[in-house]
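Okay, so here's just one chain, in structure tokens, the form predicted on its own.
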């Protein structure tokens, strides 16, 4: 990458790792928190409220030395279903894929219903996407539907 191009970048380039781009403005810190829960020692660069080529604003996260898989990306789909993941090697994008919203989330989130059996039995949480426009998930076990804003904790 030329020095001239680096000078114009708002966020420093990474040599190897993952760039999550087109995160809706305001969701970057939520995703950052989830990444920190998975690996508190990972080196991250965050850009908030950056101008987007499509107009408007976006957030962006660069993660050094962590190449995302589709599974890694799917865990973030609840917060940024239209974001893009770029895998970087030697400052070049070698793979690019949309996060996309999976049909189900298994073992990713804790059920917001405190009375759900997942809080007392050793089972993985399981949620089905029942509405995409205003995102809602239904718990497989208690069968209650929840808005995406209720999911704040990682399943551990």
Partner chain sequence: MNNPLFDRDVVSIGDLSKADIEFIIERAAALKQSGPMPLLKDRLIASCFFEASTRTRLSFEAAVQRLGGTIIGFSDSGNTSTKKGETLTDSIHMIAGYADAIIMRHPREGSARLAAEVANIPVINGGDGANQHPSQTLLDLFSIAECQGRLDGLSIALVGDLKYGRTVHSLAQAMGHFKPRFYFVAPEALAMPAYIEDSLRAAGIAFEYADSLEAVVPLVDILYMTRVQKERFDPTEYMHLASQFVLRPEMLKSAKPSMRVMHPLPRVDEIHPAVDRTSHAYYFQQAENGVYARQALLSLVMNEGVLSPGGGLV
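Positions refer to the first chain, counted from 1. The structure presented is a predicted model; accordingly, all values stated were derived computationally and were not measured.
Although it is not shown, the form predicted in complex with its partner chain is what the next lines describe.
Among residues of the shown chain, residue 22 is not one whose heavy atoms approach its partner chain to within 4.5 Å in the predicted bound form. Contact annotation for residue 40: none of its heavy atoms lies within 4.5 Å of its partner chain in the predicted bound form. Mapping the unseen interface onto this chain, residue 117 counts among the residues with a heavy atom inside 4.5 Å of its partner chain in the predicted bound form. Of the heavy atoms in residue 54, none are within 4.5 Å of its partner chain in the predicted bound form. None of 130, 123, 106, 101 but one reaches within 4.5 angstroms of its partner chain in the predicted bound form through a heavy atom, and that residue is 123.
Shown alone, this chain has one stretch from 43-51, 91-99, 56-64, 107-115 that lies within 4.5 Å of its partner chain in the predicted bound form by heavy atoms: 107-115. Residues from 26-63 do not approach its partner chain in the predicted bound form: none has a non-hydrogen atom within 4.5 Å of it.
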